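Consider the single chain below, provided in structure tokens and representing the form predicted alone.
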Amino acid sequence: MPSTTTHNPTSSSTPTIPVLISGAGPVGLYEALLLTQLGIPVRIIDRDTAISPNSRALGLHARSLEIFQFTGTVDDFLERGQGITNLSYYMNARLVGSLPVIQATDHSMFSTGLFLEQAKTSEIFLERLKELGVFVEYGWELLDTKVVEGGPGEEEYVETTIRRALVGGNVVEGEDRVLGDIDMRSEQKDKEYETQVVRSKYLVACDGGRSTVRHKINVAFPGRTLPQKTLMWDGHCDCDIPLSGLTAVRGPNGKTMMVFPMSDGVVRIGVEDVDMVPGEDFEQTLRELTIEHFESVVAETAYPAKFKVKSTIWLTAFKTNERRAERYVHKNRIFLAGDAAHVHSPAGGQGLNTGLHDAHNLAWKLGYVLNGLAKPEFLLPTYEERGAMADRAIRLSSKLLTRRLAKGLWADLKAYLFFLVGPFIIKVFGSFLFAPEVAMLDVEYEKNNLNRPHKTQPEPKGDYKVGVRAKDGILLPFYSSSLATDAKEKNDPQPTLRLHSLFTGIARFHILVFASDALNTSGAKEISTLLDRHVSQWQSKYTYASTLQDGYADKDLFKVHVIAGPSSTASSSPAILEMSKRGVGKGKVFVDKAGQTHQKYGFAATKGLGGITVIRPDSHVGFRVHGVNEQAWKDVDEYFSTVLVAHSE
């Protein structure tokens, strides 16, 4: 594209920085926050001059709250968000039924997701970054980027050209109204800019579906554009149907409108309009979009209930694209994240959440590489595992959108029966997990350099294989039988805790030692000795030089948690009593009273060999081995020696 701009003659270059982040939406801000907590200096730029007040995403799922818990930010979200509890379904203005979105608390310590506007999610990250002395450089627009081979004795690096307008901003009038458009933005005429050439070791592109970075590194973005147009409105309204919670309304016109609660009594309504027609100028469609048109479409869908717009905050329309970048990693130096890597329907609220998980997956890997703990050519390509998660999100959102757009008697009947029978299912089974895929609790990665099956033991399938999300579970602090009896006589309840509450940290591997019955015998002393010896060796071989700010006073990268079977409380072994008094992460023993946590990880809680599971810093299973003997610990040691780089190497 030929330039139509003039530039300030005093353009400049900047010193090499570890990581440049392009795009300060929630994904870019979260990446900046994680890297800063990992002690990695970042520079984060954004083309806009401030956070957009218009929030395209609203929902945070249980899996996102889990990773916020691990990284120390979840309380801010719980305080400001609204719980996603029930989904109510109306047909022809009559309530068919209401179902809990998620109620099965054994799956996650978070029994519900949250409604929280994207702008407020960004504000939370901005506040945390400000506390750490990091600020977004607004108004800087990325023009070009490339990987440059270093000269003699010099590493290759990323060279990025950025600019900012000396007067005004970079946003072209009207462009923010086009959601789902993946074309390159046009430049503005008759503008003067300051330019800089930035050198960085790595670049993370969080610059949206129209990503300049993706275009500049020639990464294809294959997929499809759906023919539907969706109207999206935020504001206050009067309606005979209660719209205070998550609500789906199926109208006599065959359309379904979705209603989402926002802050201060504001609601969001999304409803499909007429399909796109061949040759339609979508820009013109947006220019001609009126409140009156939106109100008429929603009124027809809500009928015979009445609907009236009282005030409007935002009205727009978007096309739905389903696209995924052909690759996420460019020359092990440039990485695509969020909408720059994947776009799809908002159905199911997968987009923002998937992008946040991209950031979580990538940050610790960059931290390890920049601290010399991993070879870039070994670790960084594993970020490509996120591509499968984008494919998953696209399939799920497409399936949910197809259901919502389905028309006809059969489609209406299926929806009617589902919501009519659902409450009875809950009464019978006690709980009901609605769409576990939507909550993103079933995410898993395939085998790669990080997710390594055992070389000789049978490779487990399903929930027990490497790459799966680490399951949550209920544990008790260790109580000897005599202490438990005393507590029972005093009516003191034994305190429980969640396994996931132990997974604090961003850069830490968590080693779960499932001891089964081994602590009932002399095995307690053996496990304690093996644990201490191997962890001491790992801590001396693998150290993190940068400052860590992730919830621990130390910089130990290996946190060990011993999980005993239900019969272990009968033991009075000095070794198990000593382990029960240790600090969390230092081999402290907990009790799996019901044996369910052992079962979730594929180990027998009684009369079993036990096993060791290595949880990656992003809480996915990296390695597992049956047994807790010397050989099992050697196998874990081999895993770390394969994945990590020791000081002497």
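The first residue of the sequence shown is number 1, and the count goes up from there. Quick caveat, the model's predicted, so the values are computed rather than measured.
Beyond the structure shown, there is the form predicted in complex with a small molecule, which is absent from this document and is the topic of what follows.
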Counting any non-hydrogen atom inside 4.5 Å, which residue from Met232, Leu531, Met109, Ala93 sits next to the small molecule in the predicted complex? Met232
Answer key: of Gly208, Gly565, Gly505, Gly113, within 4.5 Å of the small molecule in the predicted complex (heavy atoms) is Gly208
Taking 4.5 angstroms as the cut-off for heavy atoms, does Tyr202 touch the small molecule in the predicted complex? no
Although the small molecule is absent from this view, report whether Asp618 comes within 4.5 Å of it in the predicted complex, heavy atoms only. no
Whether Leu34 contacts the small molecule in the predicted complex should be assessed with a 4.5 Å heavy atom distance threshold; does it? no
Does at least one non-hydrogen atom of Asp46 fall within 4.5 angstroms of the small molecule in the predicted complex? yes
Each of Asn86, Thr256 and Val259 near the small molecule in the predicted complex, meaning some heavy atom within 4.5 Å? no
Which one, 50-58, 608-616, 593-601, 35-43, holds residues whose non-hydrogen atoms are within 4.5 Å of the small molecule in the predicted complex? 50-58
